Structure formats: structure tokens, C-alpha cells
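Just the one chain here, the form predicted alone, laid out as C-alpha cells.
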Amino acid sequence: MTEISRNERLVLLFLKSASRKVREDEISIDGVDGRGIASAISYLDRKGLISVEKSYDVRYEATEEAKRYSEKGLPEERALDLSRDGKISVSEIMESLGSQEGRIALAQLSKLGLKPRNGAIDIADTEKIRKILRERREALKSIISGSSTDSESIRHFLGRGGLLREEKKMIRIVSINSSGFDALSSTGDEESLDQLTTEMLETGSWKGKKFRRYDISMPVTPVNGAYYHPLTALIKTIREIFFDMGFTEMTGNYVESSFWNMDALFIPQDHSARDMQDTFYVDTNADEKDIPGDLEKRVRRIHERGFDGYKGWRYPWSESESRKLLLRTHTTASTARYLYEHNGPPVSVFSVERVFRHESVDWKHLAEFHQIEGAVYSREVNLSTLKWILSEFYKKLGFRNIKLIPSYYPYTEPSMDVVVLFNGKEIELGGSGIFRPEVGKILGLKAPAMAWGLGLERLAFLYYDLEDIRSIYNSDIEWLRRFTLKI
């Protein structure tokens, strides 16, 4: 005879009275919560007393970006509103919408047949396209409100990336079978008790009661132990790689002065990276003690006049500009501090810490993210050393096909971007290079130094094969379990 618990018996009685297939969320039993019902269904299924079918409810959750588009208008809509005399300038689109939304607008308009020619888009007759875009935005509003399940619209916005998140929930549809009826018949009207309570022992009411026998061979749901968050697991792996390669870990400050974040790295004070639209500034200034006086004089001289054949930037350097506080835009500021304080080679250091950029958040950009920083200061350093270290680092993470592409940074020369191929697209993971002589002179270095700054979240994006970089911060426990390693 198959033993059944109280909750299992109540579920069987519910299914018997229903006389049909029932969704799990339709089962309602006084005194038994949803978790108890779900557990009873699982045990009844294992015992073969019910028939279970599985289906999936699919929901689409709109991102903040999608909600903003539904209110302000799609980028392509707003681009059309810029038209003058039947034309829109591409430069005006980029200036008005910003580089990110401007590119989106141009891509969507191109798909509708409005392709730029000679730096402008001819929109002499666009009423049909405007109608399509109005309908598209209304469809987005309906999806956000949950009133639309139009597959074509959903497919369109899913394809744009970063606007909709698809969530699937499994639903069990259950019904009692012949074995379940037999189990009910064999138990009779008297209910088997699951446990002996203190009250039963005190009152003696346990006497004459029927208790359910426990089957210790029955499978139970495993208890999951502690897990690393996927980002923490990746950081742990990266730290171990650097330690194995002989590096020392360094730390820095979230709030940094413009001096260490920019000036000490020979970034000119009129550089676009210092603009408010690119950098988060703090409403106070650095303490005078933060910047050594001799170093400040050296920075001023090298920015304004250069040294030994190097011309400098040829502008009046401002002390007040250098004392502005900001949320560091790169961890190379920590490298500059460390090398200034440890200027006897050889030195090899790394860090994995947060940085902040005034970015528009989308499927591949974040305003707050981690940077994998590294630097080697040695008389043996050259471009080949840098290429080998970067290749070896990515090889240890399982990436074989990386490209090192010549690039430009104000504080390194030569410079390289690290690029990988992903889903047919090249994705930049970070920059690297040999510190310019001006940086070496500022920091008092006695030998060449090389450094690199790589994006951790973009690496995780590829490492875990994600479609949206923001999902790395997903708090859903089931999602997290699929991408983590047990402690």
C-alpha cells in the first residue's frame, strides 16, 4: 500500500472533486499554502498517483529604456521630428539624440528605407513611415501595460535588444489517475497523521491514532549550499590568474582627484573625457595634502612646456581644475598613485575594482562597472611583453581568438584595444599600452611601464554567454544558480 501524507491526501481529494485537469495555481486548500501544495504535487508525481503535464507561461517585462521610449518617443520618431525642408542631417541627429540613440535611430530608419546619403536623409514623403512608427510605439505601450501579446511587435522589440526581458514560468497541469483513486480508497476516511506533537503527548490524544509510515528511500529535493554570485566567481578566477602570474593586488579610492585621475596621466585639462556628460563630479575639492607639492610643479611644467624634446600640451595648466573631485573613471588612477609610491622596478600589480562613467545604460553599457587593471614596471617591458600578457590572460579564461588593434589614449603610446569576436560582431573589452615618456617623467619612473584596463562586465557578458550586460545583476535565484560555482 502506498503511504500518503496529509497534504498529499488533501490534494488528491481536491483533484477527485474537480474531475478534470487542473492548473497547479488553481488548487486551493484551507490550511495548506502554495509551497505545501507544490511539494505534495511533486511527491504524488514521484509516487505515480497523479498525471502531470507541463506548460510555460511567457511574460515580457519592459526595461526602463523601453518605458522611456514609450513616453518620449522612439529614437527614430524623434529623429524624423528634426526634419527641415524634407531632409535631416545625420550630424544633427547625433547631436540631438546623443551617439547611442542616434545610432539606433539611423539603423531603424535604414530598415524602413530611409538611408543616409551625403550626410543627410531625404524624407520628402514619410507619412507611411510615420504611421508605422506611431503604431510601433502604441504596440510598445500595450506590451508594457500587459494588454498586448502581438507576436510580431514582441519579436521586433526583442530583436532590438535591451527593451524587453522574456520570462518563462513553468506551470504544472495535474489530474488524479487510477493509482491515485486506489490510494484514496485504501486510506479510508481516517486521516493518517504525519507527526507526533507535544500536545498529543501531553493529552494522550495520540493513542489509537493512525500514523503515516515514512519511506526513507523516497527522493527528496536537494538543499543547495552557498553560491558565489557569477560576477564574484569571475573576479575570483581573475585574481587567481594574476596571482599565478606573480602579480600583487592593489586597491584604490572610488572618489579621486582630477589630478590623479587625469593630470598625472598627462590627460590635458581641455580633454573631452573631463566634460560633465562623461564624468561624475563631486561637489567639493581635494585636500591640499593629497597632491605632493613637488609633483604638482612637475605636472604643471610637463603639461605646459614638456621636457627634453617632448613639447607638452602648450596651454596654461590650472591647479583648481586638478583639485576637482570625481568618481574615478578608470582604475589607472590607482596605478599612477601606486607607481609614484613604489618607483623602484620591477613592479607588477593588478586590481579588479569599480569605476564610474556618465554613460547611457543599454544592453552593452553600464554607468557603474568593474575594471580589470594591470601594470608592469620593468626595464624588460616592451610591446611584445604586453601582447603576451594579454593573450595569456585571456587564454587562461578560455578565449583563443582575441585581436589587439592599434588605438589612441592620451597617456600611452603605443596603445592597443583588446577586441574579441562574439556572435559575428567584434566587441571591445578594454584598452592597453606603454606609458608615454611624459607619464613616466611625472611619476618619477626609472624604467618603462605598461598598463591595461579591461571591462569585467563585458567579459562576463561573453564568459556567461549573455544577451544583455545588465542581466549580470539579475537577482533571480534560479538564474543565478545556472551561472555560478558552488563554494
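We number the residues from 1 along the sequence you see. For clarity, every value in this text was computed on a predicted model and none was experimentally measured.
Quick note: we don't show the form predicted in complex with phenylalanine (PHE), though the next part is all about it.
**Student:** Could you check which residue among 399, 409, 227, 157 gets a heavy atom within 4.5 Å of phenylalanine (PHE) in the model of the complex?
**Tutor:** Going through each option in turn, the one that passes is 409.
**Student:** Which of 25 to 33, 56 to 64, 43 to 51, 432 to 440 has heavy atoms within 4.5 Å of phenylalanine (PHE) in the model of the complex?
**Tutor:** That would be stretch 432 to 440.
**Student:** Heavy atoms within 4.5 Å of phenylalanine (PHE) in the model of the complex: does residue 330 have any?
**Tutor:** Contact with phenylalanine (PHE), yes.
**Student:** Should residue 452 be counted as a contact of phenylalanine (PHE) in the model of the complex, where contact means heavy atoms within 4.5 Å?
**Tutor:** Although phenylalanine (PHE) is absent here, residue 452 would touch it in the model of the complex, with heavy atoms inside 4.5 Å.
**Student:** Since only the chain is shown here, I'm wondering whether residue 357 would be in contact with phenylalanine (PHE) in the model of the complex (any heavy atom pair within 4.5 Å).
**Tutor:** Contact check for residue 357: yes, within 4.5 Å of phenylalanine (PHE) in the model of the complex.
**Student:** At the 4.5 Å heavy atom threshold, is residue 258 in contact with phenylalanine (PHE) in the model of the complex?
**Tutor:** Residue 258: no, not in contact with phenylalanine (PHE) in the model of the complex.
**Student:** What are the residues of 355 to 386, in order along the chain, with a heavy atom within 4.5 Å of phenylalanine (PHE) in the model of the complex?
**Tutor:** Counting only heavy atoms within 4.5 Å of phenylalanine (PHE) in the model of the complex, the contacting residues of 355 to 386 are 357, 371, 373.
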